[in-house]
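Below you'll find only one chain, the form predicted alone, shown as structure tokens.
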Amino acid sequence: MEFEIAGIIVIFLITLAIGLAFSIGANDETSAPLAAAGTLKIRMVLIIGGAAIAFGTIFLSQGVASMVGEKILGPGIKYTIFMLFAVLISSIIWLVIGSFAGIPLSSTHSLIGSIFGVVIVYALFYGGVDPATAFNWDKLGSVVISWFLSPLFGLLVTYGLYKLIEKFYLSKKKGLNEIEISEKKFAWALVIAIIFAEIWVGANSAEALGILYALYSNGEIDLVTYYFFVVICAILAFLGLYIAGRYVIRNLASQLTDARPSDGFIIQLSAAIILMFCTVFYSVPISHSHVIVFSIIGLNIAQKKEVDYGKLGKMFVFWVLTFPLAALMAGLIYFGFLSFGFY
């Protein structure tokens, strides 16, 4: 009976991971500035964005997936299927709470926080492991630190990039005709920036692939099966953006019709650089939405526009609370599983 339940949970975890991959594409707003620019038809925008996400997922995601699915754990600890189940339940609940609160929370922060809570409960009540050695604290620390540094660097890179482009290019354009021609060039440059950004969004998205890698690491699936589901997740991310993401992109694009392509280019290029750096050099999962928010702030500061610090403060409080509250919720859920003999 227990074996049958375990098998059902594994199937459920794989199915949910694939569903999460679909939602990554469905909720991705990266291509919105390109749609707003009107350079390409919306269908082509969706195909380009989806293909780029799929490429990053298939070819560049293993570092982040292995970090989440194995490397942040201490020596000798492996995820059990019920640990992963508790992680997913907690992550989903916290994100739903954030949605009703109108706050764009990070699914990555929620996932890592849930992992933390589950592993601590496992160490204290079942695994016989010293909590001090339950994690690879260097790896976990680098992940958490990256959450604070990546938005900050997003702000700084955007600010610096705008100042450079403004000084050596934008300020030299005089008259409406020259400015219009310049912005048309940026609209095509934005295509490249969006492709670059979408590739690293796919590579850095830890939610689905981290769960799959954990199942591979604990022996539930083999390496060939893992890569098979990675490809499936890539396809679902493409379909998520193409089928459902169009509504998010169209909605945001309608609000960006007055935005200049040069602004979108600078923001997306800055965010992509941060994502690439964190993925390639440190394999840490970060929040793309958080980096984008701070990149917009950096651009507003550079252009001497007003920044709504009150709204930003509210978002920051939720960002900080995500990790501990997700950890507490996941820990309680997993403790409930342990109470019924499900390890």
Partner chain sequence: MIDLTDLSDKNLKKLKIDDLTHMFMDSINEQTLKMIEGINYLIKEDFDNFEKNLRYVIDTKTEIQIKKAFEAKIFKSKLMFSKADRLKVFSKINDIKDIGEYLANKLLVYKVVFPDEKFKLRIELILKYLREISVNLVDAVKTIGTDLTHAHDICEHIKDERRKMRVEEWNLLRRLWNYEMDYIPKEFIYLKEMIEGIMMLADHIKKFSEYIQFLATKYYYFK
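Residue numbers count along the first chain shown, from 1. Because the structure is predicted, anything quoted here is derived from the model rather than measured.
This protein has a second form, the form predicted together with the partner chain, left out of what is shown; the following refers to that one.
- By the criterion of a heavy atom within 4.5 Å, K78 is excluded from the residues contacting the partner chain in the model of the complex.
- Contact annotation: S182 falls within 4.5 Å of the partner chain in the model of the complex, judged by heavy atom distances.
- Proximity of L170 to the partner chain in the model of the complex falls within the 4.5 Å heavy atom cutoff.
- The partner chain is not shown here, and in the model of the complex it never comes within 4.5 Å of any heavy atom of K311.
- The single contact residue among P261, P151, G113, G240, judged by any heavy atom lying within 4.5 Å of the partner chain in the model of the complex, is P261.
- When you look in the model of the complex, the only residue of A37, C278, A54, M67 with a non-hydrogen atom within 4.5 Å of the partner chain is A37.
- Listed stretches are 80 to 88, 127 to 135, 198 to 206, 162 to 170; the contact stretch with the partner chain in the model of the complex is 162 to 170, by a heavy atom cutoff of 4.5 Å.
- Residue K304 is the only member of 280 to 317 with a non-hydrogen atom no more than 4.5 angstroms from the partner chain in the model of the complex.
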